[in-house]
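Take a look at this one chain, the form predicted on its own, written out in structure tokens.
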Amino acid sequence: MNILYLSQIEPAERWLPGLSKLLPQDRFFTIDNYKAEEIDIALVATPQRGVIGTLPNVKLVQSLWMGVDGLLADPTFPRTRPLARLIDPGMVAAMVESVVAHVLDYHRHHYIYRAQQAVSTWHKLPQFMTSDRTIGILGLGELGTAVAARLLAFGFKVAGWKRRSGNLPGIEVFSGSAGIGELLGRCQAVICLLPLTDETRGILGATAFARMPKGSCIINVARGAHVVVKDLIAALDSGHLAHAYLDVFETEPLALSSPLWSQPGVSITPHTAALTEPRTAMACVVENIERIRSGQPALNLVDFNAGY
């Protein structure tokens, strides 16, 4: 196999030495030294625009990230090429850790105690049991179900929303436009793990916030465009929402002029909730390459119509 590595952000040194050891029979190329007609597999993370369309014989485009909305937003990306998402066990574990940390920070009032410390205030708040809290998860794919399992282990009640109806053990599952409103109305914390599509863009706006109980919080670790920032700030300023944990933003890095930096009800992290970990992800990449070699379809292929 001739494998082309394309990324303007992910350094090739993080991937190619390890992949070369795991796939000694294959040849690897970068944007500087390849012949388009010879490429069988393209490994991509923010690839140079237009390159994929010039590869006439490519059998698989393997994303090195879980999210593929950036690729799908590129009008030059050919929809005739099979595109696979990367489901990295290390990334899933990191996302679970990040989300649970935010939920516990909210549940144990640590965000309030940090604010009190800043003004030298000693004031104890009421203690809640985990069973007093219902945590909502928007998106019950690989990440959502892994997060739900950990929250259930802590004793939280968990509700989730997914595109299609279905049952998951221990989780109250909602679906459809009516279902999302019902879920929002009963959850003290809402976690966004949705893919970014035309249907989910701006899904966390004024209408959604108004449905949530007073004093609740949101945790967005999916895509920045899921949140309508002006509506979020209004909900925080009014006291309806207690806090927002934001890891992703529509423009990154977040501009210094953004009002979110100085908003006291917001905790910001720089898109670090879950980073692709080559040490665990390489096995997934290799498995898909071997499946293509043996004539099998790749795992985790993207549905271009659904957008993920």
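Note that this is a predicted model, so its numbers are computed, not measured. One-based numbering along the sequence shown.
This protein has a second form, the form predicted in complex with another copy of the chain, left out of what is shown; the following refers to that one.
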Among the candidates Lys214, Arg164, Lys230, His110, the residue which, in the model of the complex, approaches another copy of the chain to within 4.5 Å (heavy atoms): His110
One residue of Ser175, Thr145, Thr197, Thr130 in contact with another copy of the chain, assessed in the model of the complex (non-hydrogen atom, 4.5 angstroms): Thr130
4.5 angstroms heavy atom contact with another copy of the chain in the model of the complex for Ile31: no
Proximity of Glu38 to another copy of the chain in the model of the complex, heavy atoms at 4.5 Å: no
Met282 within 4.5 Å of another copy of the chain in the model of the complex, heavy atoms: no
Partner contact for Ala73 in the model of the complex: another copy of the chain, 4.5 angstroms, heavy atom: no
Candidate spot Ala12, Asp69 and Arg223, all three touching another copy of the chain in the model of the complex (heavy atom, 4.5 Å): no
Stretch in contact in the model of the complex with another copy of the chain, which is absent here, among 77-85, 147-155, 186-194, 164-172 (heavy atoms within 4.5 Å): 147-155
